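Taken one at a time, structure 1 and structure 2 that follow are two forms of one protein chain, written as structure tokens.
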Structure 1
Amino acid sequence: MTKTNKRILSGITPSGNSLHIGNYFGAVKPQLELQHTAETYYFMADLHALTTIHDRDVLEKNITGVVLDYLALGLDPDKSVFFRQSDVPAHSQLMVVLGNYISYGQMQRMHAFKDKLQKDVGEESINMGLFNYPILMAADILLYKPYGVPVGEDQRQHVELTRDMAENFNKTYKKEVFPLPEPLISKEVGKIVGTDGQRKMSKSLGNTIGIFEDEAVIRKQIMSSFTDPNRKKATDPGTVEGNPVFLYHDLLNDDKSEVEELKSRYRAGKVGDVEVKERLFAAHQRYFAAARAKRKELEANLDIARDVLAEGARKANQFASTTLLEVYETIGIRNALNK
């Protein structure tokens, strides 16, 4: 397959030590599919994780965990540039510049910050890293001048703010330094519901189904999932639409005829929740078997990941430092004295 010259970039924050199926279907899978058709840059947003993680051991473990998850799930270093944000200093450097092209008012309207403000006691508990998070994210994106940014629905606002910053910057200097990036968000899987059947699947809400955890953990997560709240016993006709367990079957179960059969038995009140979930657990094991095996291999030989990240950092630095110089030149920081 020939690749388009449309560059794609995305990042993931290692705020937990392992990905869940919401991350996978909402973000990782679409990102990995793009590897075949586009020039792709993917990175571990390790500096972004500092907004919530101030325990060095936890952070170290999370970064390794998520890097291995990505490689195990199919990130191909021959097709994508895969690197760590902190290995490319231009991310932090461009952030310092970009903060000057966005207003305080616009920053205050960002969801991540507003949600936290609602949940916590108040402004005193919000660190500036969290408040500035979207500026670092804009720097992450704009350095690579991508055409598209594949993310989950919850990141749309950040990509839109990035466009605003880019537009404002370009207008100020009357120069198309930054192409405006498109958020690439899949309609069907942009927002996968959690096992509580209410909110989006998220590690902070404890409503996830993991990928690489021990079988017993995954089984428990699946067995405790919410189904049709109006169905009291297995002989009651049940609703399939919007039922999280069937949503997961649609995503995970490669045996489509089994899924159809389960759905029609469920509608007719001819199958219990336990059987539907047991089959889901089996489907999960099949779907992720190869990735789970690959992850064990990578864990046993960390040099593989280390080499991939070193090579990724080299390529990313090359691209990013060129953009940073162009920006410095545009704004007047690079002049006759340092050229």
Structure 2
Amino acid sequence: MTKTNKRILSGITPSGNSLHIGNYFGAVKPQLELQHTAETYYFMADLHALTTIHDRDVLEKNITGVVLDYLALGLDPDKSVFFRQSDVPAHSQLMVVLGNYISYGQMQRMHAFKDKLQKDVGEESINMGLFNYPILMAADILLYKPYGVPVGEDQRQHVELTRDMAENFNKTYKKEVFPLPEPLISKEVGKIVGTDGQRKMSKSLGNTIGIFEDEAVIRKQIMSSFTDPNRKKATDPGTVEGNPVFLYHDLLNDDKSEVEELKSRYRAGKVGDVEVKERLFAAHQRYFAAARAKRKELEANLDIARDVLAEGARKANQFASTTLLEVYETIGIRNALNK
């Protein structure tokens, strides 16, 4: 597959230490598919995590867990640049500059800030890391001059603010230092419903199906999944449409003829929920077998991940430092006294 010359940047926040199938099909899979068709930069947004995580051990566990998850699930360092945000000082340095090209009023209108206020949290208790989050995100993006940034609808506003900062900067110096990035919002992948059958799959809601947990844990998650509440016994005709277990079969089960057979038998009242879920568990284990094996290999040898991140940081620093130097020369920080 031929790559385009369009550069894509994608950030990964280590808010938890393990991914579930909702994360995978809703975000990770489409995110990783980009590495085959575009020039891709993926970064672990560890500085962003500081807005909510103030426990050293939790932060380290989350960062390590998500790095290993992404490498196990197919992030290919030969096809993309994978690095930690904190390993590239230019992210923080450009943030300081960009804060001067956006207004306090615009920052107050950002979702992350407003959402906190709506949860009965007073302004005086909101940390400045959260308030300034969109400025750091703008620095993350603009350093690499990408064509686009794959984000969810909830992050569209942040990319639009990034465009505002870039446009204000360019107009101030009458020079196009920063191309305006496009928010790349997938229309194809919707929210993956959780095992409760009602809400989006989320670890905080306890309605997930994991990827790398022990088999016994994943089996329990699948066996407790919501099905058709109107079906009292296996011989009752059941509803397939909107039934989470069949939604998961469509995503995970590589044996499409088996899926169609199970749907047909379910509608006719000729198969029980237990068998449908057992088949789903087997499909899950097949689908993620290679990733689970890869993750165990990475866990046993963290040097592999360290080397990937070190090489990614080298490449990212090379690009980012060039952009930062251009910015410094444009604004006058880099001048006759330090050339």
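Numbering for residues begins at 1 and runs along the sequence of structure 1. All values reported here derive from a predicted model rather than from experimental measurement. Think of the rigid core as the biggest set of C-alphas that the two forms share within 1.5 Å after superposition.
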**Study point:** Form selected (criterion: the form predicted alone)
**Key:** 2
Point to revise | Exceeds or equals 2 Å, Cα of residue 48 between structure 1 and structure 2, core fit | key: no
Exercise for review: Indicate whether residue 33 shows a C-alpha shift of 2 Å or more between structure 1 and structure 2, with the rigid core used for the fit.
Suggested key: no
Check your understanding: Comparing between structure 1 and structure 2 on the rigid core: C-alpha of residue 201 shifted by 2 Å or more?
Key -> yes
Practice item. On a rigid core superposition, how far has the CA of residue 220 moved between structure 1 and structure 2, in Å, if you could check? Key: 3.5
Point to revise | Cα shift between structure 1 and structure 2 at residue 243, which is computed once both forms share a superposed rigid core (Å) | key: 4.7
